[in-house]
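We begin with a single chain expressed as structure tokens, specifically the form predicted alone.
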Amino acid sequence: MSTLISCQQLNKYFGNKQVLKDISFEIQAGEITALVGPNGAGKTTLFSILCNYLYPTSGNVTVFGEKPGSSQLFGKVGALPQDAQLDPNFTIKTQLEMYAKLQGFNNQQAKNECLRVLECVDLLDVVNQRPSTLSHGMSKRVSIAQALIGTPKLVLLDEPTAGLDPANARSIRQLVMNLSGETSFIISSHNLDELERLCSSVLLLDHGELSQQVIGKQAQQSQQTLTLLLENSTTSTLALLSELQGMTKVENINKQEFILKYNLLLAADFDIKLIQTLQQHGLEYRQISKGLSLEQQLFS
């Protein structure tokens, strides 16, 4: 894999307020990366610097080995800023074709590209409509279509599913997964469950400071973790789980959720034994997943 984005000691001030503090990270090509953090953490500022909407106060950032805004990046990077909207006075066809022409497409190519990206988001039937006639979810998908013009190698999506109903959010997740083989994505969102499904690495911003990690990475090869969510539990459930062979630690997160840490070398079939034990004691499970959830990894 080659390095897609590299940031070294990136700082950004607005007046006397420091929004980004010595940010350093690398993202490899082909990854879907999550950018998470509380409101005001600096996520949109970092996005804006990567897109060349803002300049850093100090530090270095490269995208495909080039400075943001370089002519060498023309057509390689697409972006969906938060709450981006198309002009309500022109049809979707007119606007998407205009964006395609700005990337060097001729008239016929621009028409074809407009139809291609609308087909990607399953909205070919709205090509001649104005944005004001669309639902919020459809408008968001059209905006994502705009970010896909020219088949960019990197697409940055800032809150792409915010405010969407489950069906529209699912459509966008499926689109990202379908394109992930040929396109790298950075996705900013507060929906950790969604990011956990999509992303292989995460950047956590908090008060302008950043940490980076791989989602689901185990600390040691022999030490494994399962997250168990039960439909029902009893006062003796914790003790029952603690007695399983190979178990090293059980954490009772709440009445129905448990974090199980075990030694794989001592119990190679731990997951099978776990299910058998639950069945023997009449405990129904809703979900058993490997590792910790993204929320647990970041905030526990």
Partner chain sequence: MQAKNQHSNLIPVWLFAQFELTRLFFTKRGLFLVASLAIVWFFILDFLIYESVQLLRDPLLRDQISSWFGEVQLDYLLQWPYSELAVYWIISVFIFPFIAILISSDQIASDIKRGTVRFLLLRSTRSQLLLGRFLGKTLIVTILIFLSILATFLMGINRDATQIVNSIPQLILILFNLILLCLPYIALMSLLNAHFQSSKISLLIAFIIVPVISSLIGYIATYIEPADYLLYALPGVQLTDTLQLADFQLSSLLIPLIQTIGYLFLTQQVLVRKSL
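Residue numbers count along the first chain shown, from 1. As the structure is a computational prediction, the values presented were derived from the model and not from experiment.
There is another form of the same protein, the form predicted in complex with its partner chain; it is not shown, and what comes next is about it.
Although its partner chain is omitted here, in the model of the complex none of Asp122, Leu134 and Phe185 has a heavy atom within 4.5 Å of it. Note on the partner interface in the model of the complex: the residue among Ile172, Ala79, Leu195, Leu226 having a heavy atom within 4.5 angstroms of its partner chain is Ala79. For the options Ser201, Asn168, Ser189, Gln146, the residue carrying a heavy atom within 4.5 angstroms of its partner chain in the model of the complex is Gln146. With its partner chain left out of view, the stretch that reaches within 4.5 Å of it through heavy atoms in the model of the complex is, among 113 to 121, 226 to 234, 159 to 167, 203 to 211, 113 to 121. Proximity of Gln129 to its partner chain in the model of the complex falls outside the 4.5 Å heavy atom cutoff. Under a 4.5 angstroms non-hydrogen atom cutoff, its partner chain in the model of the complex lacks Met177 among its neighbouring residues.
When its partner chain is considered in the model of the complex, Met138 lies well away from it, no heavy atom lying within 4.5 Å.
Heavy atoms of Cys51 reach within 4.5 Å of its partner chain in the model of the complex, making it an interface residue. Residues Met98, Tyr99, Lys101, Leu102, Gln103, Gly104, Phe105, Asn106, Gln109 are the members of 96 to 110 with a non-hydrogen atom no more than 4.5 angstroms from its partner chain in the model of the complex.
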